[in-house]
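Here's a solo chain for you in structure tokens, the form predicted alone.
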């Protein structure tokens, strides 16, 4: 697999929540560190995303904002 996305985080799917149209996927990339993505339900089904399966979070953004209180 060759990608132009530089921010690639490998992890294990911790939770899959299927809705009517979208799916919320929780990927654990390190102990206690999670990334959550909302994708279409059809994409989750096409990729056969299930808990315990290895997957990658591919992050492509032009801006990353940082905030503090």
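Nothing here was measured: the structure is a model prediction, and the numbers come from that model. Positions refer to the first chain, counted from 1.
Just so you know, the form predicted together with a further copy of the same chain exists too; it's not on screen, but the next bit is about it.
Please check if residue 28 has a heavy atom lying within 4.5 Å of any heavy atom of a further copy of the same chain in the model of the complex.
Although a further copy of the same chain is absent here, residue 28 would stay clear of it in the model of the complex, with no heavy atoms inside 4.5 Å.
Spell out, yes or no, whether the shortest heavy atom distance between residue 24 and a further copy of the same chain in the model of the complex is within 4.5 Å.
Answer yes; at least one heavy atom of residue 24 falls within 4.5 Å of a further copy of the same chain in the model of the complex.
Can you tell me if residue 16 lies within 4.5 angstroms of a further copy of the same chain in the model of the complex, counting non-hydrogen atoms only?
Residue-level check for residue 16: no, no contact with a further copy of the same chain.
Going through 1-23, which residues have a heavy atom within 4.5 Å of a further copy of the same chain in the model of the complex? Please give them in sequence order.
Contacts from 1-23: 1, 2, 3, 4, 5, 6, 7, 9, 19, 21, 22.
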